[in-house]
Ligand code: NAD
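Form predicted alone, single chain, as structure tokens, below.
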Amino acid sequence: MNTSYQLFIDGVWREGSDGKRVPVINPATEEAFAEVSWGTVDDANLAVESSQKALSGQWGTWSPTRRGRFLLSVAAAIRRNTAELSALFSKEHGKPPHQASSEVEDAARYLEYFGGWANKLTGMTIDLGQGQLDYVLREPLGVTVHIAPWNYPLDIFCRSVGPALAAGNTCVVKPSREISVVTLALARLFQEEGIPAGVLNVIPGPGTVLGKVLTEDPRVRGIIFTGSVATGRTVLQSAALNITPVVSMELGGKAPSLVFVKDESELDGPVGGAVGAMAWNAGQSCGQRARWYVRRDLYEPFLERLAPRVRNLKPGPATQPGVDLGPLVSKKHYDNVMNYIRLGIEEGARLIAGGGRPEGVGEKGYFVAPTVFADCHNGMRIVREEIFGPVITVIPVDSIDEAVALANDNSFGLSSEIWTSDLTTAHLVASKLDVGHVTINGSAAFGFEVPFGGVKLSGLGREGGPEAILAYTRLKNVWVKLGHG
């Protein structure tokens, strides 16, 4: 083993209480390159205890301005360490270098944005008439628990920890069991910049064990979760035991893209968007545009342009130059995506690109060739269920109303995309899509200054934008009778 990583609890690095360590696997080589301490129930209790104590310690004396400046200093430290973080990230996750460094920058931007918000939270006074004073205070929730996923560990860590700390809360973070060492490396920067003991704790470990004890702890006053619908239901049940506020839950998506450009001359944009949806993070994104509804006269030209561009994508390990997409995160997830590809063929979809393991990557690594299924319909499981890999489905439609109806015919409601040069169509369709996030003629604005989150089984709450930091606060009303009598 090259490197060992420990838990970060109460301002110090320590082994798990039972001494257990697990290997960290490079998904491109299937070889262990490090090991990480595994947290236990005792470690989780210690983390919550230290976070509870920190609320009334040094952290409680920090002004909002000081909290904001601290987050700005961590953002600067992240940028100074971009090369080291990106290299570790690529090794642990498999992301190509340009994608790894992009996420490192996203992490810094979240901290900058919410650091700027820290001293702008205000209360209010309410006029109840002469002889009375009524005012409203905005206070931190208290101890917050952040259960983070493996697909964007740095991005999602900072988009929730940033506003939580800016508002004066303390944080216990449980990273994914698949991806944890890059999160611990990020926590070290918080420590080096002087975060008080107990304000931030990071404990990798088994989700079924640590997640349960953290979300059922009555000292926890805010829960943030990103993951599967099944686990989300369990988290909600745990939160209900103590009526613990759930700040946000992002539970996945099956984002539709509606292609209604004027004619074939405008297909480069949506075709490029479809290719990018598979290449970025190897399709392991909740907001991936996985369902493509294309107007029938554009359908075959869309597929003719799409297939060669998909075949030209280069899968491979991050160490190779020119790689467009890396491996999937784990053997378990690789097997799951491969099963969906087999299912799509069995369901009768037409395979026009990919369909298995790519050529030229050898026998090691969890690589999947970018895969496109055509001639699909909404009843297919590959259309209805979240695959979370470099796989998209394409469906012809005869009208915009049909496309909207099919797009909404899904249990998820996170993101969607519209391709059209007609502004009236764009805004009307945006208003009809049953999702939390719509983009038009491209895919952007997934966070920082704007709210991001879903409806239906995609979850609740919003991350990003002013609404996010307000969600990490609670209101207290104070009434005063003035004078005597």
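Please read these numbers as outputs of a predicted model, since none were measured by experiment. Residues carry their position along the shown sequence, with the first being 1.
A second form of this protein, the form predicted in complex with the ligand, is not displayed here; the remarks below concern that form.
Chemist: Of K212, R219, R384, R311, which one comes within 4.5 Å of the ligand in the model of the complex, counting heavy atoms only?
Modeler: The residue from K212, R219, R384, R311 that makes the contact is K212.
Chemist: Of C171, L186, V294, C286, which one comes within 4.5 Å of the ligand in the model of the complex, counting heavy atoms only?
Modeler: The option sitting close enough to the partner is C286.
Chemist: Of these, 147 to 155, 362 to 370, 342 to 350, 122 to 130, which stretch puts a heavy atom within 4.5 angstroms of the ligand in the model of the complex?
Modeler: Looking at the other structure, the answer is 147 to 155.
Chemist: Residue-level contact is defined here as any heavy atom of the residue lying within 4.5 Å of the ligand in the model of the complex; does T234 satisfy this criterion?
Modeler: Heavy-atom contact with the ligand at 4.5 Å: present for T234.
Chemist: Quick one: is L414 in contact with the ligand in the model of the complex, heavy atoms, 4.5 Å cut-off?
Modeler: Residue-level check for L414: yes, a contact with the ligand.
Chemist: Should E92 be classed as touching the ligand in the model of the complex when contacts are defined as heavy atoms within 4.5 Å?
Modeler: No, E92 sits far enough from the ligand in the model of the complex that none of its heavy atoms falls within 4.5 Å.
Chemist: Check G207 for me: does it contact the ligand in the model of the complex (non-hydrogen atoms, 4.5 angstroms)?
Modeler: Because a heavy atom of G207 falls inside 4.5 Å of the ligand in the model of the complex, the answer is yes.
Chemist: Does the ligand, in the model of the complex, lie within 4.5 angstroms of each residue among S257, F260 and H437, using heavy atoms as the measure?
Modeler: Not a single residue of the candidate spot has a heavy atom within 4.5 Å of the ligand in the model of the complex.
Chemist: Are there residues in 223 to 251 with a heavy atom within 4.5 Å of the ligand in the model of the complex, and which are they, in order?
Modeler: Residues within 4.5 Å: F225, T226, G227, S228, T231, T234, V235, E250, L251.
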